[in-house]
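The data below hold one chain only, encoded as structure tokens and taken in the form predicted alone.
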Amino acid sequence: MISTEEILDTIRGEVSLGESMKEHTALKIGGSADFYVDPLDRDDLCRALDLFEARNLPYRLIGRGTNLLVNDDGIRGAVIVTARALGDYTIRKNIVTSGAGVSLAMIAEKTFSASLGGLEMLQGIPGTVGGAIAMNAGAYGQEFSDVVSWVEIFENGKPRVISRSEIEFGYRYSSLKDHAVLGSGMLLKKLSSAEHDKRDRLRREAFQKRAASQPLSMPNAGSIFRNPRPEENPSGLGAGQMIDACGLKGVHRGGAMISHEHGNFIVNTGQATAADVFELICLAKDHVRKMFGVTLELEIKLLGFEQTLC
């Protein structure tokens, strides 16, 4: 067990009790966390992790809350936000060192402006470096695993650096998905002027495609489901295309709706609850399973849910 006084005495940053997660998730949905912790710096965050692990208090690191669905009943334990404590980065030649709380879009822009290739197609993903590692974020032919050299995690009471060879990456998967990621080192490619111009054209085309096909003006958590693996999906369709083929675009449950623009997005139309979103998740999975024989797997993370399958 742990007391509130012990947490407040240990952590120098901000600690809130019963903090609503609605303002900390892109979906603008979620109940309260027992403790919402915004550590002052990296050392402060590590002290918090050490304390919570020693006292067996459940915790979850989050970045910008972009791929999260938080239960309406909230989250037991602590939610630790990484943006301030793990928000530093350096770019030296073609080597990038980044804290887990750094915006993925920002580091992709900064590195491309420095004529470094490898992250530029990920600029439209609204998450953090930590999230990109945990889920092996990717877009338009690039994946985060392509550039990772090492990752620092917090394990057994202290930080530990592990090499790329020790990490298993797959499509929207990393063996570090349940670890406390502190940061990463990346090796990027120096681009010639011609290569930079070519990649810039491709990048701009990708931005235009994303803006035209995704509901960026409404609260959402990004892609709800992973695209099925080819060997599991004879149709060759993506998750959004299959949901569209099932006639589910525009379907509402409460204040949640499967987007008209993209079937793999669920949007909050104003007063959605996590229960509304979860019902649409189950509806889409059921229809796709019946029509295509494919079981869709979640790409978003569910927090505070005892039931995670349907």
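In this text the structure is predicted, and so the values were computed from the model without any measurement. The first residue of the sequence shown is number 1, and the count goes up from there.
Absent from the display: the form predicted in complex with a small molecule. The rest refers to it.
Engineer: Does any heavy atom of Arg210 come within 4.5 Å of a heavy atom of the small molecule in the predicted bound form?
Structural biologist: Residue-level check for Arg210: yes, a contact with the small molecule.
Engineer: Does the small molecule get within 4.5 angstroms of any non-hydrogen atom of Arg64 in the predicted bound form?
Structural biologist: Contact check for Arg64: yes, within 4.5 Å of the small molecule in the predicted bound form.
Engineer: Does any heavy atom of Arg60 come within 4.5 Å of a heavy atom of the small molecule in the predicted bound form?
Structural biologist: Yes, Arg60 sits close enough to the small molecule in the predicted bound form that at least one of its heavy atoms falls within 4.5 Å.
Engineer: Are any of the heavy atoms in Glu19 no more than 4.5 Å from a heavy atom of the small molecule in the predicted bound form?
Structural biologist: No.
Engineer: In the predicted bound form, which of the listed residues (Leu191, Ala137, Ala78, Leu188) lies with a heavy atom within 4.5 Å of the small molecule?
Structural biologist: By the 4.5 Å criterion, the partner-contacting residue is Ala137.
Engineer: Can you pick out, from Ala85, Leu119, Val96, Val181, the residue that has a heavy atom within 4.5 Å of the small molecule in the predicted bound form?
Structural biologist: If I apply the 4.5 Å criterion carefully, the residue I get is Val181.
Engineer: Leu68, Ala132 and Phe265: each with a heavy atom within 4.5 Å of the small molecule in the predicted bound form?
Structural biologist: Judged in the predicted bound form, Leu68, Ala132 and Phe265 all sit within 4.5 Å of the small molecule.
Engineer: The small molecule isn't shown here, but in the predicted bound form, which of 220-228, 87-95, 200-208, 161-169 has heavy atoms within 4.5 Å of it?
Structural biologist: Selected stretch: 220-228.
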